[in-house]
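Encoded as structure tokens, the following chain is the form predicted alone, with no partner shown.
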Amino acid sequence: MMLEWLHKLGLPPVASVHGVAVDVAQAGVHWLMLVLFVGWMGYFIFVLFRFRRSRNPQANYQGVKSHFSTYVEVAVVVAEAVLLLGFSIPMWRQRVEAFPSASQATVIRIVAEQFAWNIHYPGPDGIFGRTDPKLIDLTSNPLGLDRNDPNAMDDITNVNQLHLPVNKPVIIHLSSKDVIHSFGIPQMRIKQDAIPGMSVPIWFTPSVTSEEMKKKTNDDKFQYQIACAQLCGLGHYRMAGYVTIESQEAFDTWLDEQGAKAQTSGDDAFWL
């Protein structure tokens, strides 16, 4: 019921395993805020009427002796403690400490820059090739990938096109080349700042393919999008990436095609 209420107010549909827990916590916070708002506004109106000047021409310096307000305050503290200790902290701990094994996950590097998302797959060997700032070319090699490195020969890179298999954990090592950006996919309920000089890992498990979401939203043109949630310059508004969630078989096929394309061209394959 709570989740349906939030979704009707415009919250995007959930497309990740942990997304339901995030929505439950959000719903709890919103219901608590609604109860507090209605309660305090009702109390405020009651006080304005009960202690109006015409009824109380002289001030009463004894005050209210009832302990009702104390009980209300204790109830609010208990509700907040349940939300914090029962939902938020366990969820935060899982996202931070319970990372899946890299061998059981799809591991990707994403490097943000003004105004694009550079995406780097390690290839079949599962090892990211060496990168060197001196090799960066904004047109053909924005990541500075050293193709002479044996580990980089099978690496796959592109811009703004993220493909992921459904129902498999994804680990993303997030960084930035210039200013602070913020990586977010609303339907996956993930958001993390990309900070220059740091590699920040995040993880999630997609649970709804792009085709399934098109049917779910009744929108044939639906696409998962990577949104930059941090004002990062004049082109911030157009810093959008696109995410395709597909079956493991379709993902493997796409990965093979991109690997063959990179081998044929002898250079990185980039498109916007």
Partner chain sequence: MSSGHHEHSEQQEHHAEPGFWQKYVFSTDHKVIGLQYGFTALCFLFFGFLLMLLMRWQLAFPGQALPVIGKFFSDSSMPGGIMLPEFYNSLGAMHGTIMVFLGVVPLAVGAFGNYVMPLQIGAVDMAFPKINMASYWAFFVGGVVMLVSFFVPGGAANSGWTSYPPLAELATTGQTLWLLGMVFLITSSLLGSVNFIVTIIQLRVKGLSFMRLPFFVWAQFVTAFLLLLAFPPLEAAGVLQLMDRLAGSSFFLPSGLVVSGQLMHNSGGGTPILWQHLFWFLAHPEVYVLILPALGIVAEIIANNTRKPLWGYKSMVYSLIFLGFMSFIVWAHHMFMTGMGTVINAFFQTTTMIISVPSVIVLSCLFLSLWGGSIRFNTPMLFALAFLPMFGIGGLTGLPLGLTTTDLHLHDTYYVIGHFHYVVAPGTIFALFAGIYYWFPKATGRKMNEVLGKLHFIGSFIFINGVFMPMFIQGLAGVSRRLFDGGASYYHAGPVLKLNVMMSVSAWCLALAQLPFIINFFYSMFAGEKVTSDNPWQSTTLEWATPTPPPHGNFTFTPEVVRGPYEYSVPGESSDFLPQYQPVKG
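Owing to the predicted nature of the structure, the values given are computational and were not obtained by experimental measurement. By rigid core we mean the largest C-alpha set that fits within 1.5 Å across both forms. Numbering follows the first chain given and starts at 1.
Although it is not shown, the form predicted together with its partner chain is what the next lines describe.
Does Gln223 reach its partner chain in the predicted bound form, with heavy atoms at most 4.5 Å apart? So Gln223 counts as contacting its partner chain.
Any non-hydrogen atom of Ala250 within 4.5 angstroms of its partner chain in the predicted bound form: So Ala250 does not count as contacting its partner chain.
Looking at the partner-bound form in the predicted bound form, is Cys232 within 4.5 Å of its partner chain by any heavy atom? Because a heavy atom of Cys232 falls inside 4.5 Å of its partner chain in the predicted bound form, the answer is yes.
Consider Lys177 of the chain shown here, and say whether it contacts its partner chain in the predicted bound form, taking contact as heavy atoms within 4.5 Å. Yes, contact at 4.5 Å.
Exactly one of Ala75, Met153, Ala105, Met198 has a non-hydrogen atom within 4.5 Å of its partner chain in the predicted bound form; which residue is it? Exactly one listed residue reaches within 4.5 Å, namely Met198.
May I ask you to list the residues of 101-138 that have any heavy atom within 4.5 angstroms of its partner chain in the predicted bound form, in sequence order? Read in sequence order, the residues that approach its partner chain (within 4.5 Å, in the predicted bound form) are Gln114, Pro133, Lys134, Ile136, Leu138.
Core-superposed comparison between the shown form and the other one, Ile45 Cα displacement 2 Å or beyond: Ile45: C-alpha displaced by 2 Å or more between the shown form and the other one.
Would Arg238 count as moving between the shown form and the other one, using a Cα shift of 2 angstroms or more after superposing the core as the test? No, its C-alpha moves less than 2 Å.
Rigid core fit then Ser54 CA moved by 2 Å or more between the shown form and the other one: Ser54 C-alpha, core-superposed: shift of 2 Å or more.
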